[in-house]
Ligand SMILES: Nc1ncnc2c1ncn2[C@@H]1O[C@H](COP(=O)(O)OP(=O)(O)O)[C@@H](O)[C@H]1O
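Take a look at this single chain in structure tokens; it is the form predicted on its own.
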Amino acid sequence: MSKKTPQSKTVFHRTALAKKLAERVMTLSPGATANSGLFLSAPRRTGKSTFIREDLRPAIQATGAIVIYADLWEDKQADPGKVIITAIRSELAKHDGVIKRLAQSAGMDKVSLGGMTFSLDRVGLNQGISISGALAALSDETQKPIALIIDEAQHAISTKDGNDTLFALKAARDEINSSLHFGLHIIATGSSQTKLAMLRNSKEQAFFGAFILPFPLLGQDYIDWFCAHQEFSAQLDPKAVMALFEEASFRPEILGAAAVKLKYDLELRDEDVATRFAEEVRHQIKMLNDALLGVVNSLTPIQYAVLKVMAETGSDYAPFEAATLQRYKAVLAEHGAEDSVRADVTSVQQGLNALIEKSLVWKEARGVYALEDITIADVMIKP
């Protein structure tokens, strides 16, 4: 029987899926490019991170592996490379034997010697002890495989340190997956398959050949669980709620917000539960879309034109090509922009910089641009 926690009722577990993924990701396939890592992609706010924390991480731990988890979305101001290294250092700190090994590799006979104490700050990029050396020490001391989960991994290639850290992890993976150690398995997740693909599509990327798995969205089994755990006086119809869930783009938080709103409607009648729930779900969808539209409508004409063209072209977006510049001009004309608003390379670059600052656009370190959140495209180009 699984252990109950105070939050057991509020989390939908996908135990079977987690166990299946854990077993497969922790098995090295001879000669397979999948050994480069497993990438899981799913739109933001569809339950991916909850699954990673609540189900996949425990399932991997149950195989006997050490799990290191780094969430690159938790602190957007922190450099993603530093976030990954900090997560590795935090795990190293739990193992006295590993610290002793690292101290000795740094030329210290003891962890504390002559008033000098070994610091895990020595682990990292150009810090004296490489990520590969540190993880190899962890593997050897514990005699366990290591699983490194990087959530919203696409942010790693938005900075030089982040990109360098990925290459350091590649070196660590190649070393620790050799016969001398116990294995390093890297699982990267992201909210955009297009962005994740940038980490593995080219031989110049650290995880060339890694397999991208579209993460299965929550389905009818989740809706059945959701309906069974509501405390309304009248039962919700799971089939009707599933249709609403599809309207909500499979985002659990929208159903949850609607349920909370009805929970505090003290005058709600049994016969009105289904109708009111449907109304509230659609209201939540509209509020989210209106909030996003409010941000979009506050943009300058050139910022709006750049974002609109980016939404329309998707992964084919080439910001400074002649055809794209012409498309900006067409969008400006469609929206009645003044003739003084220019759509040249300089103004487009300024527009892109402003959109990045507003967290509407994401930029890869080498200069590739993409929407920060793909729902922007749904709002801007919907019929």
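In case it trips you up, residue 1 is the first one in the sequence shown, and so on. Here the structure is a predicted model, which is why all the values come from computation and not from measurement.
Form predicted in complex with this ligand: not shown, discussed below.
Q: So in the model of the complex, does any heavy atom of residue 252 sit within 4.5 Å of this ligand?
A: Residue 252: yes, in contact with this ligand in the model of the complex.
Q: Is residue 57 part of the interface with this ligand in the model of the complex - any heavy atom within 4.5 Å?
A: No, residue 57 stays farther than 4.5 Å from this ligand in the model of the complex.
Q: Does at least one non-hydrogen atom of residue 27 fall within 4.5 angstroms of this ligand in the model of the complex?
A: Judged by the heavy-atom cut-off of 4.5 Å, residue 27 is well away from this ligand in the model of the complex.
Q: Indicate whether this ligand has at least one heavy atom within 4.5 Å of a heavy atom of residue 47 in the model of the complex.
A: Result yes; residue 47 sits at the interface with this ligand in the model of the complex.
Q: Using a 4.5 Å heavy atom cut-off, which stretch among 217-225, 270-278, 142-150, 298-306 contacts this ligand in the model of the complex?
A: Comparing against this ligand in the model of the complex, the contact stretch is 217-225.
Q: Which residue among 374, 11, 17, 365 has a heavy atom within 4.5 angstroms of this ligand in the model of the complex?
A: That would be 11.
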